[in-house]
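Taken one at a time, structure 1 and structure 2 that follow are two forms of one protein chain, written as structure tokens.
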Structure 1
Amino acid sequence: MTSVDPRRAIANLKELRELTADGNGAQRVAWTDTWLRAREWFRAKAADLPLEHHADTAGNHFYTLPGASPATLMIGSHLDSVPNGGWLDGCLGVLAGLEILRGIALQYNGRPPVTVRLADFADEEGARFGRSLLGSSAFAGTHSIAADRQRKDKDGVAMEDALRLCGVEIDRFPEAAAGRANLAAYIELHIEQGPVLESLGLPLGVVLGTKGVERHAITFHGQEAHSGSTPMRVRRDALAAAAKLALEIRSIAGAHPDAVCTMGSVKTFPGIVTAVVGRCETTLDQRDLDAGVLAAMLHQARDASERFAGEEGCTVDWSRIWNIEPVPFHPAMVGMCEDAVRETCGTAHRLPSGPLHDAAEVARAGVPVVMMFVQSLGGMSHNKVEDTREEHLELAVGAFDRLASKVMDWIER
């Protein structure tokens, strides 16, 4: 633990907000001028420390404090935001990280026992091209160029062209994986973006990993019919089957402590007041930290959808939108994070992360990883009302500094 100054991190967060937010919230969307301006601002902020700056071929920026050993502790997060985003999502981790590095540089007279590197990953949000975790997945070597090079933004600009304007060639993404050389551990501080810590009255949480996700489009096919002339008993109402599934997924998730299942979209066809619904298109998002639980929930939802379709004289088809496996964090790292949080505020609650983070990509590459969460007010994020109490932010920076010290010791041993 160093003599870190959490107030400076908070002041910087506010300065960044002034620079890159408007009346609707933060506008640091990756591969835009505002984002480039934020990164320039950050580079200037880091200039008074003895850090080596470099960018990799995927547009990730690194600030390195070389140590006696090349074995590296990486502290990371992202400066990019969603459109109309909050003042903490992502940039908290980067600006807290800068203060941790400042404290380490001071404590060790610029030469710590292990190398410490701050990462500002590119395009965590995927807000412009719909591909989240872009920079960190290139860093982790999990990125497939083929899947993404055809992406366009809403104005039809190709991802490839937008990246080139920022000095990044998508064909050179695979070279970014070389940046993992000597990487011994990775830690990330982030706002929770959910209501769990607030509901428990806790400022900080220890993140067990990121949940796996199964995301499907589910369509029920019944028979469109006149609402006035079609008796109830002969209807084949696609909405009825979908409604049963919308309720059943709560039981399916409810059988597991941290699992969630969400039907976020329902569309009815023809969708008019005078017609029984002939086709109902829904989406299902299922998440859990345990791959077995996730697979079981998917199986149960499929079975239930077929049962309900049968009961209502309908058919159902599924198509996968996207999925990702759960990424549990490193047990020893989770233990160190638990110690750091307990030493800071007396209680260490462990929780999985529903949202994905750059940490998940780094962990998928086999690097020991842990994350720390700080409470989000009202569980709100991706929104200008996103907020966290300043005393909690101060506790977070302090606890995260403790974690960094513990992990440096662990790497050194």
Structure 2
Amino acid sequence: MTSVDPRRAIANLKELRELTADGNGAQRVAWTDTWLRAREWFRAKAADLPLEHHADTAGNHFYTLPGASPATLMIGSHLDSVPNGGWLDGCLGVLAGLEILRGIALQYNGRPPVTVRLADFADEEGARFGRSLLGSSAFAGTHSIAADRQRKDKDGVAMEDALRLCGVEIDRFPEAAAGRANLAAYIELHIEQGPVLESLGLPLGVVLGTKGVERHAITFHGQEAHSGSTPMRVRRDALAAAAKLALEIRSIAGAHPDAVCTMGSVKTFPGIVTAVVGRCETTLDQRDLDAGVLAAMLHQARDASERFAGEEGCTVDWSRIWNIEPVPFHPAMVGMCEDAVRETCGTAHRLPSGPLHDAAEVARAGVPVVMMFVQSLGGMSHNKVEDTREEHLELAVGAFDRLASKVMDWIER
């Protein structure tokens, strides 16, 4: 454990908020001028440390403290935000990481036993083009260039063109995988973005992994009909079938302690007050850390949709939007994180992460990974009311420093 100053990390977080937020919250959307300004600000903050800075071909920025061994501990997160976002999401991990690097450089007189690198991954949020984890997926070698090249923002600007304006060529994404050379472990600190730790009265948590995701578009087909002249008993109401499924997924998820299912979008056609719905387009998002549970929930939802479609005289079609397998974190590193949290605040609680994080992409590349969570007030994130008690932020930086020291020792052994 090094000598770190959590108050400095908090002061930096507040300074970044002043620079890149307005009355509606943080505005550090990736591939925008505000995001670029935040990165320049951060580079200046790191300038007084003996760090080597470089950007890879996917727009990820790295700050490296070379060690006696090339074996590398990476500390990572992201500076980008969603529009009208919170002051801590993503950037907490980067600013805490800078403070950890400062402590390590001081303790070892600029030459630690292993190399330590801080990563600011590009476009974790996917807020502008809908592609989350963009930079870390390139780093991990799981990029999807062909699909991503076609993405456009709400103004019709192509992702490829926006990246080029920021000096990044999408065709060079595969070269970013070279950054994994000598990478021995990865750690990330993040706000929980949920209510679990607050409900338990705990400041910190140990993350077991990120949940797998099954995301589908589901369309119910019925028959448009006049709302005044069509008897209830003969209606083929596509919305009625979709509504039954929206209620059923609560029971499907409720059978598993950490599972979640969400129908977050419903569009009806013709979409007028005087017509029975002939077509209803919905989306379903299902998540769990256990691949077997995730597969079972998908099967149950499909069966339920067929049953409800039949009950309402409709048919139903499914189309996969996106999926990712569950990503469990490294057992030994989960243990080290648990020790660091317990040593800091006496109690350690293990929990999965529902949101995805850059850590998941790094883990998919076979790198040992763990994350630490700090409590979110009200479980709120991705909006301006996102907050964490400052005393909990101080505990988080201290515990994260303990974790970094433990992992460095583990790498050295």
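All of these numbers come straight from a predicted model, not from anything done at the bench. What we label the rigid core is the largest C-alpha set whose atoms superpose within 1.5 Å from one form to the other. Here, residue number means position along structure 1's sequence, counting from 1.
- Structure 1 is taken from the form predicted in complex with a further copy of the same chain, while structure 2 is not.
- When the rigid core is held fixed, the Cα atom of residue 267 travels 2 angstroms or more between the two structures.
- Taking the rigid core as fixed, one finds a CA shift for residue 109 smaller than 2 Å between the two structures.
- Annotation: rigid-body hinge motion between the two structures, rotation of the minor part against the major part equal to 7 degrees.
- Relative to the superposed core, residue 234 moves its CA by 2.9 Å between the two structures.
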